[in-house]
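Only one chain comes next, encoded as structure tokens, the form predicted alone.
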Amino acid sequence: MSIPPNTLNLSWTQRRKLTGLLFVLPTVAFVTVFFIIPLLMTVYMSFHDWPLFGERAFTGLKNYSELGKDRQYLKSLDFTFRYTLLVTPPIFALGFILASLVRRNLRFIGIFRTIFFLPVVIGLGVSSLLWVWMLDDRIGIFNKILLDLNLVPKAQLFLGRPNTAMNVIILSVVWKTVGFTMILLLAGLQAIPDELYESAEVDGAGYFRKLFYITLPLMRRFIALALILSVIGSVLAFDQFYIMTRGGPRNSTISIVYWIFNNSFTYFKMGYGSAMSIVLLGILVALTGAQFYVLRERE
């Protein structure tokens, strides 16, 4: 294949820019096809009455105005925020504790890191099905243990009551995701030079002084990343509710993404589901921006 003559006349700087552009083009194409175009399409659909089949009609802001009248939508938002507030602290706290425990390069420490991280490798759908089996009132291992220890008079319907359903879902998600937070925070801990802790100990600093004046300030970026990913994952939670409770009992575990799914693919109200998706995107952008602002680097 011959090289175009104009290419040979390019300067070194121009060839370098052209090479960089060629490397970036696949990523730009991927983001355009799988993010920008679907996003623009979702925005367009949100202004229409868009059934799965049949005529589509422009409705302006009607879909957005209906959101304030949708009691289940408001209830789903409230549930999603409560779930996020309840699940994020234990994920972060346990992740930090585990990261602190496996920080040192001791003998066999790699085995413990692998054990703690192993649930992350399991898919969320598989993990949810596993917990459904363990919580089953007939063959579940949890009920078997409780009955053998005489801690309960009869088998418990853990997923059949609103309070217990929420608690066991939070427990399953913490078990599934805490290893990922551990890895993120472990990277931050290992990036802190040991000399800083040694100097602090010479000056008489205890554990908590080192934690608040050395560890947490120097881990600000890693903490921000861990919290942002955890919050986004919690707000977008769907699989565990769909598999473990189907939104029950009594519609008490319907997350906002679950309600979007129902409207879009069960009731075939694609335009209304698109409007909810755009509002959810705005909420995520606001939450992420707020976390970046609070956890930003300071001089």
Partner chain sequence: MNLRKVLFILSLVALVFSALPAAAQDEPIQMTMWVRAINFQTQELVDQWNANNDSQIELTIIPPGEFVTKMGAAVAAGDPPDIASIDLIYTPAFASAGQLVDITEYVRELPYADSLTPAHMNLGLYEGRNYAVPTAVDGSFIVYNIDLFEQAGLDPDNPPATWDEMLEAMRAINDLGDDIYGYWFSMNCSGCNAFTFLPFIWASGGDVLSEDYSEATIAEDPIVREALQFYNTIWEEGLVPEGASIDSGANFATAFAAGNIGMAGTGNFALSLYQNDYPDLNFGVFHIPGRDGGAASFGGGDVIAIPAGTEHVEEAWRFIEWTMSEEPQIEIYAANGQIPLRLELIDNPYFEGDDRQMIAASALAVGHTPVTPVYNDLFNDANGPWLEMLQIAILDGDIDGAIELGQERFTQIMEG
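Model, not experiment: these values are computed from the prediction. Positions refer to the first chain, counted from 1.
Another form, the form predicted together with the partner chain, is not on view; read the next lines as being about it.
**OP:** Kindly indicate whether 83, 208 and 216 are, all three, within 4.5 angstroms of the partner chain in the predicted complex, using heavy atoms.
**Re:** Per the other structure, none of 83, 208 and 216 touch the partner chain.
**OP:** Please determine, with the chain shown alone, which of 164 to 172, 88 to 96, 69 to 77, 195 to 203 has non-hydrogen atoms within 4.5 Å of the partner chain in the predicted complex.
**Re:** Of the stretches listed, the one contacting the partner is 69 to 77.
Original post:
With the cut-off set at 4.5 Å between non-hydrogen atoms, does residue 47 touch the partner chain in the predicted complex?
Top reply: Residue 47 lies outside the contact set for the partner chain.
Subject >> Close approach of residue 52 to the partner chain in the predicted complex, 4.5 Å, heavy atom >> reply: The answer is yes: residue 52 has a heavy atom within 4.5 Å of the partner chain.
Original post:
Would residue 231 sit within 4.5 Å of the partner chain in the predicted complex, counting heavy atoms only?
Top reply: Output for residue 231 is no: heavy atoms all beyond 4.5 Å of the partner chain.
Original post:
If you check in the predicted complex, is residue 262 within 4.5 Å of the partner chain, heavy atoms only?
Top reply: Taking the distances in the predicted complex, the answer for residue 262 is yes, it comes within 4.5 Å of the partner chain.
Original post:
Taking the partner chain in the predicted complex, which residues of 257 to 278 have any heavy atom within 4.5 Å of it?
Top reply: Stretch hits, in order: 258, 259, 262, 265, 266, 267, 268.
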